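Okay, here we've got a single chain as structure tokens, the form predicted alone, with questions on binding and movement later.
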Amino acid sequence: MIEFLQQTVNGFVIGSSYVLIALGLTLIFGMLDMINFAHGELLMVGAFIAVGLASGLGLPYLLAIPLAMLIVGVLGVVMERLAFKPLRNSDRVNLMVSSLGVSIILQNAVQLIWGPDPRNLQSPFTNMQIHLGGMVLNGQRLFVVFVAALLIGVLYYVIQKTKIGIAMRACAFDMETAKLMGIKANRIIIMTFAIGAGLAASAGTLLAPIFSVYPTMGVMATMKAFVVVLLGGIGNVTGAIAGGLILGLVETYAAGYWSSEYKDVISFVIMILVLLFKPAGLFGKHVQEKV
């Protein structure tokens, strides 16, 4: 029982990071009807920026997190203006190809700045151990769950209760009608990219003290986010939250009770099964609301 609870906590840690990545991906899909294959690279860039701020400039880890989110949020806006806005009215394939190009550019830019070797990020919570009912909980893992829950709660409130969130949902539902109603769609799109990029960066900075940071880590992050979005329902925020937690728990149980070698395989098996038997995702009936 203790081992099961331990694995459950670990699953929530991984699942929380998947939710943060997938939320940005599903928000952008809901807005522009495109899959941004460079989204995982925003996680990677956020992690490297946090490493640079903490190791290079000596800033505290807790300060490096919001600064990395802010910088990557601006990077997300620049990416949208240069790579996606000029192609917004073209075929969706062109947008996907453009996102693949951005992904390659970001990977090579990071290697040029920080080199290809893996980096580590120090956190004041890394060596903290909490003993609870026979379980040994790592402080950084609990910090990941806490911050992720906080960010998810704030985002959910913004989307459901604020004027900006209503405008985001209106643009996602029908962009042209939203424009006719006086909503400044370009401004909402920019904000969506900034929020999505910032959330991806937060996942990178939270996981960096647990796992090594390397330039190609964003590729797998994009794939996992894609699985989560498919599992929960494309364009559905609630589905992304549920899908991320489900995938994190399933992967962790598989690694703990079976073999860690098959952890990534399971996520892709889940994606194939979803596409075969429930292509709209677990929350597919709400897909029409998108954001």
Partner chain sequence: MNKKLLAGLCLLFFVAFPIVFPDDYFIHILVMGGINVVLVLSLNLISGFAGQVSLGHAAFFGIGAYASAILSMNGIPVWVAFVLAAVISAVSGFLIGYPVLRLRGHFFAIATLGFGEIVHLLINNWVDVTRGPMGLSGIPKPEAIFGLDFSSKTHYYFLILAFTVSAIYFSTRIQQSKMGRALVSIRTDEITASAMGVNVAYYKILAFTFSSAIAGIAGAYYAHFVLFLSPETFKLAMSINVLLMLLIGGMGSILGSVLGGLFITIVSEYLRTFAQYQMLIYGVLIVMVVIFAPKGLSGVLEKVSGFLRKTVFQKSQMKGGYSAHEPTHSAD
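Computed from a prediction, not measured in an experiment: that's the story for all the values here. Numbering follows the first chain given and starts at 1.
Beyond the structure shown, there is the form predicted in complex with its partner chain, which is absent from this document and is the topic of what follows.
For residue 92, a non-hydrogen atom is located within 4.5 Å of its partner chain in the predicted complex, even though that partner is not displayed. The closest heavy atom approach of residue 124 to its partner chain in the predicted complex falls outside 4.5 Å. Contact check for residue 61: no non-hydrogen atom falls within 4.5 Å of its partner chain in the predicted complex. Though the partner is left out of this view, residue 57 does not reach within 4.5 Å of its partner chain in the predicted complex, counting heavy atoms only. Judged by heavy atoms within 4.5 Å of its partner chain in the predicted complex, the contact stretch among the candidates 200-208, 67-75, 180-188, 109-117 is 109-117. Only one of the listed residues (245, 35, 31, 254) places a non-hydrogen atom within 4.5 angstroms of its partner chain in the predicted complex, and that residue is 35.
Contact with its partner chain in the predicted complex, defined as a heavy atom within 4.5 Å, is made by all three of 96, 275 and 279.
Taking its partner chain as it sits in the predicted complex, the stretch 234-269 comes within 4.5 angstroms of it through a non-hydrogen atom at 234, 261, 262, 264, 265, 268, 269.
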